[in-house]
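The chain that follows stands alone, in the form predicted on its own, written as structure tokens.
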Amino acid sequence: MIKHAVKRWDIFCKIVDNYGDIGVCWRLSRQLANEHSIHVRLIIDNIHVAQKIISNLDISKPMQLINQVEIVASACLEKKQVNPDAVDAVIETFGCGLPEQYLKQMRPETVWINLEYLSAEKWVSGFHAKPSKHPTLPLTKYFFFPGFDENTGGLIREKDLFKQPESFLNSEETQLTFWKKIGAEATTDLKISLFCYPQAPVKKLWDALAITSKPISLYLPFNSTIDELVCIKKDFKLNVGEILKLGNLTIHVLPFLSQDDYDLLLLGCDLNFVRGEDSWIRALWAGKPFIWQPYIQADDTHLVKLSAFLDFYLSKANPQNKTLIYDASLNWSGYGHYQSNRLNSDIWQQLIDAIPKLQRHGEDVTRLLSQQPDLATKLVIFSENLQRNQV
């Protein structure tokens, strides 16, 4: 644990869509509070949506303490129940913007950080921690970029994160209890988790998996976009507990999972399809093979981010596995000519056959990244240094 001068932080979260923003903010808030003894006030614009991630959140209470984090509905700002007078650092997540009245009350010495989205693009390290002065107020905002390079802000990683895989994977009883808890039977099938945006070619994937040479159980956690997914059968309803058999593929619709349970699902599966940011990083820490679908952006900008990550992740992979993951990933996210019918059974059968080698590669990347300081630690050190320089 770092001993530091910053004791009170405000973190602003605007929930744009789905649960990625609040997922990242909640993990970071808990870590700062529990590992760095910071009084964190998490200010959320939509506590109704946030309740899906913070399961014990009482939406009738505009202010409450959960897991050592003070949760505050943004409506409290309008009622002047929240002010920045005693705040040492303000984290504006993903360019969500700070209320004008709040900005006017901020002290010039307050550390103001805009926490950006995660990217593996090479330009990120050059822009990390750069200042930007406010045009009219005596305030400076710093742009903090999470990343995979040592010269970036790092990745969210709790200090005891790697104790969980060890205790889970080494205990058959713990695994059986987990599968029962989420309403799924333990099975010897190859296990795949699927969490994606509706643009993904889900039907083609399911068709391909149905004719693979191994029995497969696919687990579909319930989420806000599940109804938009393309179904194979018109009479198949995406309701919790539903099971659909298609050849060698068995699809299980799971309930909405807590962050902790979703992390265990990633550990319990042999291959994970993930999306956005929060599930992407948790899949990386799980050390299992995974296919990442970035958030869809105009002009195929998301595919630039995908390619940048694949360049990093596969930099030390053998040529055969590198080509396989590139093909599967670019097919899944609809890259140029990959939008054709090249999403076929051959690609996914090859991917399944390569899982043992891909897992060894994933474990190597995870081990390498775990040697770097984590995001929360880097935020604390950065804030300390700024405050020290102001003295």
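Worth saying up front: this structure is predicted, and the values here are computed from it rather than measured. For every residue, the number given is its place in the sequence shown, counted from 1.
Missing here is the form predicted in complex with a small molecule; even so, the following discussion is about that form.
Going by heavy atom distances of 4.5 angstroms or less, which of Q259, S307, T212, N114 would be at the interface with the small molecule in the predicted complex?
In short, Q259.
Counting any non-hydrogen atom inside 4.5 Å, which residue from W206, F178, F290, Y197 sits next to the small molecule in the predicted complex?
Checked against the cut-off, the match is Y197.
Would you confirm whether the three residues D21, P221 and D278 all fall within 4.5 Å of the small molecule in the predicted complex, going by non-hydrogen atoms?
Checked in the predicted complex: all three residues contact the small molecule.
My question is simply whether A354 lines the interface with the small molecule in the predicted complex - judged by any non-hydrogen atom within 4.5 Å.
Flag for A354 set to no.
Is there any non-hydrogen atom of V16 lying within 4.5 Å of the small molecule in the predicted complex?
Contact with the small molecule, yes.
Proximity of A33 to the small molecule in the predicted complex, heavy atoms at 4.5 Å:
Answer no; every heavy atom of A33 is more than 4.5 Å from the small molecule in the predicted complex.
Just to confirm, I53 within 4.5 Å of the small molecule in the predicted complex by heavy atoms?
Result yes; I53 sits at the interface with the small molecule in the predicted complex.
Among the candidate stretches 97-105, 249-257, 170-178, 137-145, which one is within 4.5 Å of the small molecule in the predicted complex when only heavy atoms are counted?
After filtering at 4.5 Å, what remains is 249-257.
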